[in-house]
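Here's a solo chain for you in structure tokens, the form predicted alone.
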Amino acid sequence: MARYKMVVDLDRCQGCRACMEACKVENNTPAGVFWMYVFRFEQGEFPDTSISFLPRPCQHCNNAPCVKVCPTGARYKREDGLVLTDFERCIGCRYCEVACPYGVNYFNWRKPDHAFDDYKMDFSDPDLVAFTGGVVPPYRNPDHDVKHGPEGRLTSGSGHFKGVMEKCTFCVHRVEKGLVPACVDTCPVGALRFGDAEDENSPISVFIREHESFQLLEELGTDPSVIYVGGAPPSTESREIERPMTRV
């Protein structure tokens, strides 16, 4: 059985946030919701300052607090390492949001037919057609209506129901097709890697062995499946210069 992990190379990340855009488009998340987020930190005092970047998807913890507190079994961990939400079981109690130390959970406040109102625009506008060639992007990926895993559970995409919890899925609908998550596929500098860490000879296993690495909040014992190489965890002297947008 494969055990998937993601590696984030902080020495390569340039903070372009293409991964955030790819995630949003691939998973149809509503305005203000970012399953992948790139934090920007500033260190030092003017004029001797430096900026660093920290991509943060769901950590897909092997000892996941969110799974432990879910009263319905909607949040669960698969044998391949993915931590997912069964939208048909979720009751929106938000216990997972409180339990998660990484802040990756989002509550869906809107009905599915209203989730994308903020994105709607006139694609017939001549100024827009000059760039799009008349192509109208879809607002929903049909792959998200397919149930995944041997259990056949509705776990991918966003906006299925109002009042449920959502988060990064490592693009389970792509992984089950043998593809990598959208953020990994889109990163222009190869800062994100994904693969089967159970296979000692897989590219990601070899890469992890050859580099010093760390996990976010290792002291909590959550044992994330996201491994960071290069750079360093944000220090107490780091100042976050941008915060995620939120919307209710």
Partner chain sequence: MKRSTIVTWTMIAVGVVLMVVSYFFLATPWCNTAVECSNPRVPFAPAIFVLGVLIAFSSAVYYAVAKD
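This is a predicted model, so every value here is computed, not measured. Residue numbers count along the first chain shown, from 1.
Only in words, not in the display: the form predicted in complex with the partner chain, which the text now covers.
Original post:
Is there a heavy atom of Ala197 no more than 4.5 Å from a heavy atom of the partner chain in the model of the complex?
Top reply: Ala197: no, not in contact with the partner chain in the model of the complex.
Original post:
Quick one: does Arg209 come within 4.5 Å of the partner chain in the model of the complex, counting heavy atoms only?
Top reply: Residue-level check for Arg209: no, no contact with the partner chain.
Subject >> Partner contact for Ile204 in the model of the complex: the partner chain, 4.5 angstroms, heavy atom >> reply: No, Ile204 is distant from the partner.
Subject >> Proximity of Asn62 to the partner chain in the model of the complex, heavy atoms at 4.5 Å >> reply: Output for Asn62 is yes: heavy atoms within 4.5 Å of the partner chain.
Original post:
Since the partner is left out here, which residues of 62 to 79 would have a heavy atom within 4.5 Å of the partner chain in the model of the complex?
Top reply: Heavy-atom contacts to the partner chain in the model of the complex: Asn62, Val67, Lys68, Thr72, Gly73, Tyr76, Lys77, Arg78, Glu79.
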